[in-house]
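So here's one chain in two forms, each on its own in structure tokens, numbered structure 1 and structure 2.
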Structure 1
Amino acid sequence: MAGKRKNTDVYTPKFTLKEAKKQWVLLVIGAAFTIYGLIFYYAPLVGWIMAFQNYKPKKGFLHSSFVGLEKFKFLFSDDAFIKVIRNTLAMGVLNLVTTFIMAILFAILLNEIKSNLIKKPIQTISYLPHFLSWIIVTGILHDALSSSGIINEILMNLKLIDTPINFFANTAYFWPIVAFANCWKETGWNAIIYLAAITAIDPCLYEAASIDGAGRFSKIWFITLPSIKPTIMILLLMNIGNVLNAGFEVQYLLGNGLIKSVSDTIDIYVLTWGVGNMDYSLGTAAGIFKSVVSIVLIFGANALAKRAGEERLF
């Protein structure tokens, strides 16, 4: 798939008045979208000033007093914030790894089913959870994991436990539950791109391997996996930058007071302090921290991607 990329686009006409006059429509539309982008996507960046101020809504940016790095110092001396960073990173990485493995596994195994009559319906079913909102998914999870829910029912019937487990009162269960929820929701959806990559593999490779007496396992291991490796790498690197963004909806909807210490993430911290307690400066500071870490992760991932790309060339 990576091989399909084209290097068109190299040609750009020089900026001349004549050329500009010819394409004034494009310039006007482009300018309109730039203004729109400046307002809705870039203007909020100006608000980062608040993190260095003791911002008072009545005074505004211009008249609020500057406090330097005081808000950041407060953040890093706050035990709750340190825990929140740990939770966000831990859940982000756990989710990334589990959803990745599940999607690749599912794609490979589904591809081994030769009959379209079975394959297609399974695939259609596998997309279903992606279309449900997190509200619905967490609601369903709450029911399934409640004391009278299906999971406790199964465990009791198998005589593995005597009394129902209260999954949402024990800190040990929360991270796995979140990882499971993500896998449940996105495995089928994420597998789409791998299935497309697998379909693009030259069937001759498999035929040749069969003649050499290769079984299914060796075909998967020596042909399928290496063939989709570029796709896996690209998606992995693209997702690393989003690790910190995976920490809001599920945790907010599934968490509760009993397990706050493992369920709260940076975004929830921002929501509690910034919106709940109206401390805009602190909320902004925590938000900046998250953005900066994300950008570092993206650049790190890109540097790695470059290296991986070079490796692929030779």
Structure 2
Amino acid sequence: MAGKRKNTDVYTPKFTLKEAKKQWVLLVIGAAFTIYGLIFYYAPLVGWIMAFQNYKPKKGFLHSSFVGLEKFKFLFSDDAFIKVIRNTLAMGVLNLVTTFIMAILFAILLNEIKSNLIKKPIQTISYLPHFLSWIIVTGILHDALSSSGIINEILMNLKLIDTPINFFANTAYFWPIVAFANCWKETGWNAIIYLAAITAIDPCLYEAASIDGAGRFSKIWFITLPSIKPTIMILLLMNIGNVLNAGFEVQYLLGNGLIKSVSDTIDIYVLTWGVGNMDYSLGTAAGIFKSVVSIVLIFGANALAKRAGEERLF
């Protein structure tokens, strides 16, 4: 019986000293980024031990008393922490849906503009908010939505309201305001990768569709969207892991005592307990919970994508 034939068609590159000398610049750059990651991303994980201690700065890691899961038990018995989980998830999902969908729609609509004289300025203007700090963005929002702001003036001039609305005193308005702020700030920037994916589509597909009598909407639905579907899936999986990163600056800057019940997030909770109340152990425990949930979401979403036969991260 003939033995198994080996596959000799697959080329396996060999790392040799000669190759290393040729690629020394890339190796140095790669080593620099590896060292940076180890120092700033992995070394700080040693601090997670604080979540299992009654950490005291004067005593340090070695002499602080070990309390096991007591800090985690306190977290999940604290009504305030349950509320911030709800707030973080709600704002994270709202941000994901609005920014994700709007970026795709904006990229498609921008691609439909044929004149570069119009297209290029719109692209440039749409990117600008991304480079603004949240201090500036929240300042603009606060002025626009204040009792004497432009939004209240427009609504009153249109006779839609009789008295100005205090947007920052009503809990019903806060989550939509945060979603709008994120959408306005990031839509143009997030659309860049979708525009790049759209430009890679073979123009012959659109020409063939035109010959068959397809209109613009049909081309978008049957050519553009299916062609950028892999990009959409990969970015969706990555963004799902960031659901609990609902934000800190916008909630902290726009929040106040009247809407605290809906404005506080896990990051603000960590700041309040870890820095404000000097309970570093509790703040670390809350941060670990956030990280673990994010990892679970990424792996879960990736497994669902794999089962459905879609593009996945790994």
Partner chain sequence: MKKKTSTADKVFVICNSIFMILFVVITLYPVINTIAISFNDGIDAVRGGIHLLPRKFTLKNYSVVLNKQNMTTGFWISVLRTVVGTLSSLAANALLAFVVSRKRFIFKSQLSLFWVITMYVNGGMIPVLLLYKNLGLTSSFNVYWIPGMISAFNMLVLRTYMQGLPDSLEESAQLDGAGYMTVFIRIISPLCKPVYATVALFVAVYQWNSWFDTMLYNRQKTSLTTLQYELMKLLSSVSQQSGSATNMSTTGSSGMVTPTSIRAAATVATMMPIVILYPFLQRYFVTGLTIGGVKE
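What you are looking at is a predicted structure, and each value in this text was computed from that prediction instead of being measured. Please note that residue numbering is based on structure 1, beginning with 1 at the start of its sequence. Definition used throughout: the rigid core is the maximal C-alpha set that superposes within 1.5 Å between two forms.
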Form predicted alone, is that 1 or 2? 2
2 Å or more on the CA of residue 276 between structures 1 and 2, with the rigid core superposed, yes or no? no
Core-superposed comparison between structures 1 and 2, residue 261 Cα displacement 2 Å or beyond: no
Once both forms sit on the same core, give the Cα displacement of residue 33 between structures 1 and 2 in angstrom. 6.8
